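The structure tokens that follow cover one protein chain in two forms, given apart as structure 1 and structure 2.
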Structure 1
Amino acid sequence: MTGVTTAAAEPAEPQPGAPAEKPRRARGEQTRQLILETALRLFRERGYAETTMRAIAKEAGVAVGNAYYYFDSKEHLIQGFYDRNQTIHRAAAEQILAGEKDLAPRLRGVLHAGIDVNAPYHSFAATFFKTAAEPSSPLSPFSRESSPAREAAIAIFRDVVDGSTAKLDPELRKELPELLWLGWMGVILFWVYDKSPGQRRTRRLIDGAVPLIDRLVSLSRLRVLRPALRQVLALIETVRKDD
């Protein structure tokens, strides 16, 4: 993706990898980020439903066609938002995980960091969630379109588990990152509708839930609980399969 069309009077198009290609790619990425940041600001100020691609292009100072060149629709802008948030969350998580080895503080820190990343967008989260909650919506975190951001999020929780000192049943270790991500989706839903100052109730939910998760993970090693654990994991696998 270059983002700039060469005028007809200019010399032949440089070959990919030529020196002129890198500045053009950089300009294209700058334009893409400008459009995305402008869209997010307008979503906060006007709401998701009320913000049009034309308004985004106007505020960003680009042609409408240029906005559509980088993002086919508002839904694609939200996918860009998902991807950007995962990158920021990953950076914050790495700082936390570098200093913690026990599972509970690793998980608690990563969950709080996720809330920090999303905090600027709380004002329009509820109206946006009405669209994202529709099962057929490409904005759903469970949709095919959201799979890159979803896999990136699960990878963060995989790092939480794999880098910890927790001793886990091998089968649970394999499934736990996705289970933690599903729990994170529940926290996000709670956060969306949390009207407490600074969403303090969501923070308390995280602080209360993490010790319980840590305790359940520890108990999973007990031999007496392994049959029940196998049944739970088998149920998860059954539900996950397509008909």
Structure 2
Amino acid sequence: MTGVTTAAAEPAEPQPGAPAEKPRRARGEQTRQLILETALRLFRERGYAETTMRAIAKEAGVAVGNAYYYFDSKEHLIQGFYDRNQTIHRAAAEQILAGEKDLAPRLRGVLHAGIDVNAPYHSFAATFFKTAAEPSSPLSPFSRESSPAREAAIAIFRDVVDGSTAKLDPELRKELPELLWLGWMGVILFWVYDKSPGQRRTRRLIDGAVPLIDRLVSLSRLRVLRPALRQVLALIETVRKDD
């Protein structure tokens, strides 16, 4: 409610190689994790709305006030979910990108991996999405507070593009990662609404859209399409700036 951000941006573990901080107060970090994990489990088991803060506290064996000591609100617990899946997705993506040089399979692999990570939470994710959709919410993927997470996500798609052998217009190459991230947001949106068994329609969407994107990227080098490409890039430019 207050817009104060949680400590979720802090790394969960001291990074080896990074300047070693003094050992994080293990006590608090542990309690924090306990509360978060309990909450996520209950969300998954019962749903978000049906899980009360009282239940989370009781199940975790802490007082309600303690839960609020670590998380400003019930919604802030969702940020934990967000961050965790982001991290897992990034790791899975790196695995895939290490072994593949063509743009299409790189993109396809990363998208499917993203769905894989979130799949167990499909019903809960719907509620998560509702919360994230509030533009004023710090959880919104477009908010200032999500900026680090968003940048990290875009970085994955930068890897997808930069590590590929695809030849493309230099300006398009610059914009493509953010465009792909935007497309990824669209896929997530589709997935959240996808009620088909196992969300197979989302899988089909990915399998169909990736070759299409691949083709369009190739086509964009044709002379007839240069003006259209310029127009697209100009539109992005125009819309992006605020003045």
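Just so it is clear, the structure is predicted and the values come from calculations on it, not from any experiment. The first residue in the sequence of structure 1 is number 1, and each one after it adds one. Between two forms, the rigid core is defined as the largest C-alpha subset superposing within 1.5 Å.
The form predicted together with the DNA appears here as structure 2. Hinge residue for the rigid-body motion between structures 1 and 2, chosen from D83, V64, W181, L205: D83. Superimposing on the larger rigid part's C-alpha atoms between structures 1 and 2 leaves the smaller part rotated by 14 degrees. Comparing between structures 1 and 2 on a rigid core frame, one finds that L34 has its C-alpha moved by 2.8 Å.
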